[in-house]
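Heads up, the chain below is alone and in the form predicted alone; it's given as C-alpha cells.
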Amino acid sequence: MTGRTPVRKASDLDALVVGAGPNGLAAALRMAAAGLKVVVYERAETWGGGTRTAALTEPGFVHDVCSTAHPMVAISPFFREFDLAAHGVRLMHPEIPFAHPLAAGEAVLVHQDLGRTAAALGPDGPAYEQLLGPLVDDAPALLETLLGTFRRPPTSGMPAVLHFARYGLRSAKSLAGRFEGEQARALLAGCAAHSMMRLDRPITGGLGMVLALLSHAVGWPVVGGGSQALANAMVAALRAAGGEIVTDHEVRSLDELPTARATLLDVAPDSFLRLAGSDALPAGYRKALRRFRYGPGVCKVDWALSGPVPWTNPDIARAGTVHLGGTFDRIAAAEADVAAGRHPEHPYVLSVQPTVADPSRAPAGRHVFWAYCHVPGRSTVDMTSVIEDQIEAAAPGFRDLVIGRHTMTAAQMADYDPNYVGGDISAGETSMFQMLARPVPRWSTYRTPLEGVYLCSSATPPGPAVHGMCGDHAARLALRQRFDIRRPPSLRNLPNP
C-alpha cells in the first residue's frame, strides 16, 4: 500500500510549517530566504516551543518554561548564519558555565578556560585535558558534523572527529574509568545525565563530552530577557521577509491545511500519525513510527526568590547551571531507577539560575531559579519536595527564600507541548540507534511517504537541543526536491526588521 496525498484546499502558498518551535521557525526562515511564500501554524497562543518564556510565579519574574542555557545556540551553524546580534539577540554569559556541588561544600567548577578547569581536577586534570583538548579548537567543525544529517562524511575538522569517535561512542560509565577522583567523574555524570538515559548505555559518554566541550568552546549562555527573545527575533525576521505566522490554531489533520508545494511538520511522530490519518501512510512506515521510543519525562519547578540561592560553596553562585545529585555512582543509580520506571529518592537534578547572567529577569535584588528531575514517562507525581531536598542539601535555607513556585509534572509537560510525549523534552530517546535513525530507519528521515510532506522536529537528526538544524536540514531537502533550489540563499540576505 502506498500513502495517499491528502485532499486540501487550493492556495498560492509555497510552503506551510506546522509548529513554531525553534526547528519549525528555522525551516520557515530558510524557505523565506529563498523568496518563497511561507505560513506557519502554531497550536499555542505564543510561538517558541521549547524557548517560550512566561510569567509563571510573581509579577516581575520572567521564567523560561523549558530551555534556558543555550550552548548550542552559540555554536549552531544555523544561528551563526542567522547572525543573532544583527537581529537583536543578546547571549549573556555567567562567569562559570556550570558547577557540580559535592559533599561538605566541595564543588566542581567548570570554567570556560579548559586549563583552569583541568588544574582544579588534581591528578585527573591531564586526563580531562587530553580528552577534551583536541576538540576545543576545532569545536565549530566538530559540531558542524555532529549537527549534520549523519548521511555525509565530514568536510573539515577530521582530527577532532576521529578523536571524538574514539571516545564518544562509549558509555559514561566506561569513560569515567579514565578518572581516579570523584570530581572529574561527577563532572562527567552531570553532563552525561542530560541524555536522560542510564549511564551505562553507549554514547552517553559522548553526549557528556559534547556538553563539557561546549562549556569550554562557547560557554553556556542565556538569552537576554528570556529565551522567548530568540523566538521573537526569528518571527520578526520571518515577517519582514513576507512570511506569516498564525498562533492559537491547532491543526488536527493535514486535510485541514491549504495546498502548498512543501509542508514541513515540527511535530512528534505520534502527532504526525494523527495528522496524516490512519490510512494515509504505508503500513511499514506507520509501524516504524510506532516503534519510535520516547525517553523519560521531567518534573520541573520554577521559583521566584527573594535573594540568591545560598549555596554552601559561594563559588556556585557564579555558575549559570548547577548539576545536583552527588557522585557519579549516585547519579548513575538515580538514572537507572528512572529507566526502570521508578521515581528516585535522590534524583539527579538539573538547575539553572538565569539571573546570575541576566538580572533583568527579576526585580532588583531578587532572582528566578528553576530545576527539574527525570521521572518515568507520563508520570503525574509532583517531585517538588524531593527536588527542593536536593537543593537544600547544597544550599541550606533555600526554602526560606521562596516567594513563589510553579510546578509541572511530566504529564503536565506533555499537555503543555504535544512534542513532549509523556513529558520527554528530548522528543525521543537519545540512544545510538535513534540518533542515527530518527524517527525511522531510512536514508531520508525528513521526507515522508506523503508527497511534499517533511518532518522537521527534534525527532529527526541531529536530535534535541535548541540549534534549529532539524528544521534547516528538512527545509534544504524540500528546497531541492520541491523547488529545484540546490544552493539556498543565505539567511544573511533576510531583511532586518
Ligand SMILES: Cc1cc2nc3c(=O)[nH]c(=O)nc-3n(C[C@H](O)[C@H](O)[C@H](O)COP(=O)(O)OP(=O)(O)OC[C@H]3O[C@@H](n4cnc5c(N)ncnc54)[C@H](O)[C@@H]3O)c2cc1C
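In case it trips you up, residue 1 is the first one in the sequence shown, and so on. Nothing here was measured: the structure is a model prediction, and the numbers come from that model.
Omitted from view is the form predicted together with the named molecule, to which the following refers.
| query | Can all three of Asp138, Phe179 and Ser215 be found with a heavy atom no more than 4.5 Å from the named molecule in the predicted complex? | reply | Spot residues vs the named molecule: no contact at all.
At 4.5 Å between heavy atoms, only one of the stretches 429-437, 443-451, 53-61, 35-43 reaches the named molecule in the predicted complex; which one is it? Of the stretches listed, the one contacting the partner is 35-43.
Report yes if any heavy atom of Glu250 sits within 4.5 Å of a heavy atom of the named molecule in the predicted complex; otherwise report no.
Yes.
Can you tell me whether Leu275 touches the named molecule? I mean in the predicted complex, with a 4.5 angstroms heavy atom cut-off.
Heavy-atom contact with the named molecule at 4.5 Å: present for Leu275.
| message | in the predicted complex, does Tyr294 come within 4.5 Å of the named molecule, counting heavy atoms only? | response | No, no contact at 4.5 Å.
Give a yes/no on whether Tyr372 approaches the named molecule to within 4.5 Å in the predicted complex, heavy atoms considered.
Heavy-atom contact with the named molecule at 4.5 Å: present for Tyr372.
The single option of Phe79, Phe98, Tyr348, Tyr420 touching the named molecule in the predicted complex, heavy atom within 4.5 Å: Contact check passes for Tyr420.
* Asked: Are there residues in 257-272 with a heavy atom within 4.5 Å of the named molecule in the predicted complex, and which are they, in order?
  -> Stretch hits, in order: Asp266, Val267.
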